[in-house]
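For reference, the chain that follows is the form predicted alone, supplied as structure tokens.
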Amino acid sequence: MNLIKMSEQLNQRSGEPQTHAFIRKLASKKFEELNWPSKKMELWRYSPTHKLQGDYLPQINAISEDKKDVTTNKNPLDFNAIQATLRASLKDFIDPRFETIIIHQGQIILSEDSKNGLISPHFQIISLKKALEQGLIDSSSFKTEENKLEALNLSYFEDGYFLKINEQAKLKKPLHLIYLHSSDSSSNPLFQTRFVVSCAKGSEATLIETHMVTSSLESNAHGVSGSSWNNSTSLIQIEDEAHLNFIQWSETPASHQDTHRTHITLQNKSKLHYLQGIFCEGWKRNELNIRTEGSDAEMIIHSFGFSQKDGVIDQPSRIEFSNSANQCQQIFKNLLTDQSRAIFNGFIKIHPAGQKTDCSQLHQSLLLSSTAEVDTKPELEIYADDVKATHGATVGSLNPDELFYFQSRGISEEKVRSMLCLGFLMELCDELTVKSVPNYLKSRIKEFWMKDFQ
């Protein structure tokens, strides 16, 4: 399996920027040097790495015989028609209280005028190509980080967007970016995206990032023919005194692999409330890497997920405190049934300059099946002596006393179990202070639960 054999086609396209070709060539070289993920590696010890061994076909803009660019779409894009189709198929995900931006096959689907970007008084979202041309981002946004899958992502760099929240801007409505991947091919498609966010000094925003896979543009059904793989990256920079609520939403269908990397850096007196929601029948892996580059930053890191069948929720987390007086609360919760699994590897490192750090880490799993499995490994590495750092992990089933309490009051066992499970998952949503977002998230949880878990 040679996953990067097609990447050279991108460099041969007419008018292709030299910067893009340079990024891809460096990444391809690094891809060849690094080892493939395997159970011999600590961070992949419990992961189903065999699922990445299929004959996947990277989805790119191909080259015709006369060297003219032709996209994977057979017909020119009719943005108005596509927008109507997408909004109809995604009606359950679109909330009128949000600013919804749909990105399909690497293009913003709003109108012909906005296909290359969207600019408002408070923010702008443009392609990474334009961001590079305008000097809004530099080479730091294209590092392989000694990561094989990151190198793979950059080897096909062409599909990505840059979001800039302007200085002192206060976004009144949450921004909801929906990445929609679809393929009409019967082969196993490999989708790759890159999303870079800059929250300028003093800005405040709420951002929701959703990745979805459909069999075709006209299809409402999740999943593609055969197996599919989404290998994507999100890079977030939160500058001094900026405040970001960042929600990552994922519904991973069976026979789908999703390997995602989320890199976040925080500057002085910045605030981050991160919430991840995972609904999984396939394999969802999110490598969360957070680093403080200033002091007095505040972080709330929350994640909840539930899985059924043989789904796998895979969550390596690494948080580094490089400066003093930073705070972080980290809670991961998973609900598992059937033969599903949860994997958590939580690593916290406090550098010598990280005095006055206050951080906590908790992983909780609720098992609804005797065949469900949890592998959890919390780690602390501390080089400062004036800190507060705790970690813990709990694994169990529904509390029989709580079941008895509600049943003794005339509530059926089935309804009690549903109530307790939904409460377990929804609890972290209430920590968000942004109006409308908790209710939206709870409605998605309830709909998924009623459809697939009842």
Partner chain sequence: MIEIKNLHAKIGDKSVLKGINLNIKAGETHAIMGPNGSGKSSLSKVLAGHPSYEVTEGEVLYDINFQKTDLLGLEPDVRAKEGVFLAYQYPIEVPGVSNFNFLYEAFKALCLHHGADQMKETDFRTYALEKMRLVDMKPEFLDRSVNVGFSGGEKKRNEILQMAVLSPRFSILDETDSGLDIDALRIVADGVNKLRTPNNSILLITHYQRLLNYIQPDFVHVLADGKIIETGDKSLALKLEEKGYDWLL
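Only the largest set of C-alpha atoms that superpose within 1.5 Å between the two forms is called the rigid core. Numbering follows the first chain given and starts at 1. Everything numeric in this text was worked out from a predicted model, so none of it was measured.
Another form, the form predicted together with the partner chain, is not on view; read the next lines as being about it.
Of the candidate stretches 381-389, 411-419, 42-50, 27-35, only 411-419 has residues whose heavy atoms lie within 4.5 Å of the partner chain in the predicted bound form. Taking a 4.5 Å heavy atom cutoff to the partner chain in the predicted bound form, the contact residue among M426, I60, V395, L57 is M426.
Contacts of stretch 378-406 with the partner chain in the predicted bound form, defined by any heavy atom lying within 4.5 Å, are made by D401, E402, F404, Y405, F406, listed in sequence order. Put the two forms on the same core and the Cα of F406 is off by 2 Å or more between the shown form and the other one.
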